[in-house]
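Below you will find one chain, with nothing else, as structure tokens; this is the form predicted on its own, and questions on how it binds or moves follow later.
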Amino acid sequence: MSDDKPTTWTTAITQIEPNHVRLRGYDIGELMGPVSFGSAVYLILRGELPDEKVGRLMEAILVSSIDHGATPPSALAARTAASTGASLSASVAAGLLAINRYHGGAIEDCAHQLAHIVRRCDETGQSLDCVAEVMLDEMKQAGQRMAGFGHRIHTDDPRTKRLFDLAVEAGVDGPHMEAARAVHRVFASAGKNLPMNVDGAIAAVLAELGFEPSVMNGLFMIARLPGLIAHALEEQARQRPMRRIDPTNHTYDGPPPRSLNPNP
């Protein structure tokens, strides 16, 4: 860049010069190919590249939330906008604007709650289960809910165990994941069928990776974006304009169940 004009503000994210693009200091051409998208997301948000196992874990987090059918508010918002003839960018923007505290934001809320359990455990010297039980009781008395547990569809979210297994393989298992397990045990001992959902698993894993809760909703947006694009495009390709969309009255007619390993 020319030094003729004095700068008035700085950025540490990406350096742009004629014929050069450097992301956090790395030449973008060197990143293209060897570095996965999950690792690049980690790099741009954290400033350093993760190791290979953590990179795969980041990929898994993004894949886990790429879509959850036509019923979430973000998918409905994107489809509703698309049905009006809105552009792809406007339709997807409508979907992203629907991602807030009660849709996607459970990840951030859960991260704060898990951190609170860990902190109280450190301060009191009590076990995670004891602290979790007391905190859940306090939340119940205050009319609050523990984020990241229970699901309107799943009784055993298939994504949760997989993320935790990958986190353990990556060597990032720690107090936040233990706190999440403690909450699950407390609910189970009370006879409440509130298993950890994918939001809770993502919150615990991202906290172990050192992400601040304030960025976690953004990571959910990154993950869900391809799904919103697919819903908007399908809406305009297969449905009539300006229809009244019933989120539950639809039938899946895509490929039947298939596996990456058809002959294990």
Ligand SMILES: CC(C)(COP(=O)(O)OP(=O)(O)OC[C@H]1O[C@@H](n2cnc3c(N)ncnc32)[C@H](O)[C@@H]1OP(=O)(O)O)[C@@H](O)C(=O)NCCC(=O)NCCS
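Keep in mind the model is a prediction, meaning the values are calculated, not measured. Numbers follow the displayed sequence, beginning with 1.
One more form of this protein, predicted together with this ligand, exists but is not displayed; see below.
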Counting only non-hydrogen atoms, choose the one of 91-99, 123-131, 146-154, 172-180 that falls within 4.5 Å of this ligand in the predicted complex.
-> 146-154
Any non-hydrogen atom of Asn197 within 4.5 angstroms of this ligand in the predicted complex = yes
Lys161 within 4.5 Å of this ligand in the predicted complex, heavy atoms = no
Might Lys192 be said to contact this ligand in the predicted complex, defining contact as any heavy atom within 4.5 Å?
-> yes
Mark Ala75 yes when one of its heavy atoms lies within 4.5 Å of a heavy atom of this ligand in the predicted complex, and no otherwise.
-> no
Listed residue (Ala81, Ala167, Ala106, Met135) with a non-hydrogen atom within 4.5 angstroms of this ligand in the predicted complex = Ala106
